[in-house]
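The data below hold one chain only, encoded as structure tokens and taken in the form predicted on its own.
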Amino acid sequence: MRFTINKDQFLKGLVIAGHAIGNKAPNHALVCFKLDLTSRGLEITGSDAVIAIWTLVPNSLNDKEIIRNASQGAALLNAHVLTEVVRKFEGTELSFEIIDNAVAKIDDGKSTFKLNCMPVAEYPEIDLERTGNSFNLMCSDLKALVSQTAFAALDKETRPILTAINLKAEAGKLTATATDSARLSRKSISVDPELRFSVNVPAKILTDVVNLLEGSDEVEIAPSADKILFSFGTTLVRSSLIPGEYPAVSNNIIPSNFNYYLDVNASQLLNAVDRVSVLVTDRASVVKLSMSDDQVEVSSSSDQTGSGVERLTTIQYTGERLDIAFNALFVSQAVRALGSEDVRMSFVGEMKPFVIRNPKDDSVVELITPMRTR
């Protein structure tokens, strides 16, 4: 295996595939990139067994030669070491050669590195075949589905199913749902009415996919029984699925009838919550919302630090007096995810889950469970 390659394009491919390299590898070969030089160009694969990313550095790009002096072959090299070595080169072109199937020699005319290789046969087989029905989605739609829900997924492995975003297609809607059991976020977009599936995709992987979409307009998505594939540009991302029935999908937990409504400017609410929560040093910063006909106040108190209160001015409240306490971070993240100038908060009662929406967009709903303060 031998080739000369544009350094920036080589590094770009390594960085993309590097999103799949984890800190703990279940297989010693998975700390490596698999490099395959084929007639199409240099194929780079990275995986941690849950996610796999395949990306292609093409022979040419926009009529500019990227790879030349090529002799096909494959190699397995430590992902972190290779990426950092390529990053450090000052030259614009690198020559790469595998010697005796054991050493990779990389040279830019000034610096030379010789990196040990592993046997290619030790790299596990990765299923990148499309199975089932695939469909295309605008990248902007996928970004919205993920950015408006992923923050609500559980960030610990105590309940693996809750670390996922459930993607469900039925009745012409593709719905993303995330919950950590104390809150829920749901976003829907329109899709082909014939499309039907339900899969649980790790939220972290979906976030990585969205971060890799830059420069692409469309993404092809292929869900199946045990994996989901995302294909865009010259990159393919494979994610394993988290088995089990997603709890928020099967239960009708979002209220449909409410007794109290608060319409408020999003920035004013965020700023008020941020200011009063400074006094709360507990892990879950509890903030209280007190609402009545004549005023709405956001407050917090702590035996150690004192208390704070701020009155909201740009509001419209409907209902009898209501006091409700909540996790400040949960409400702040939900309001920011909506991305709207104003938000509507709808309540059933003091200890019933409440809903936050963009009054001009019913495709997103944020559900939050109140907290007890006594």
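Residue indices: 1-based, along the sequence shown. The shown structure was predicted, so the numbers you read here are calculated from the model rather than taken from an experiment.
What comes next is about the form predicted together with a further copy of the same chain, which does not appear here.
### Query
Out of the stretches listed (193-201, 112-120, 147-155, 134-142), which one is close to a further copy of the same chain in the predicted bound form, meaning heavy atoms within 4.5 Å?
Of the options given, it is 112-120.
### Query
Using a 4.5 Å cut on heavy atoms, which of 279, 161, 236, 182 is close to a further copy of the same chain in the predicted bound form?
Contact with a further copy of the same chain in the predicted bound form is made by 279 alone.
### Task
Only one of 27, 60, 307, 316 comes within 4.5 Å of a further copy of the same chain in the predicted bound form by heavy atoms, so just point that one out.
Of 27, 60, 307, 316, the residue with a heavy atom within 4.5 Å of a further copy of the same chain in the predicted bound form is 307.
### Query
Taking the shortest heavy atom distance, is residue 261 within 4.5 Å of a further copy of the same chain in the predicted bound form?
Taking the distances in the predicted bound form, the answer for residue 261 is no, it never comes within 4.5 Å of a further copy of the same chain.
### Task
With heavy atoms only and a cut-off of 4.5 Å, decide whether residue 88 touches a further copy of the same chain in the predicted bound form.
Taking the distances in the predicted bound form, the answer for residue 88 is yes, it comes within 4.5 Å of a further copy of the same chain.
### Task
May I ask you to check whether residue 81 falls inside a 4.5 Å heavy atom distance of a further copy of the same chain in the predicted bound form?
Heavy-atom contact with a further copy of the same chain at 4.5 Å: present for residue 81.
### Query
Can you check whether residue 274 is within 4.5 Å of a further copy of the same chain in the predicted bound form, heavy atom basis?
Judged by the heavy-atom cut-off of 4.5 Å, residue 274 is in contact with a further copy of the same chain in the predicted bound form.
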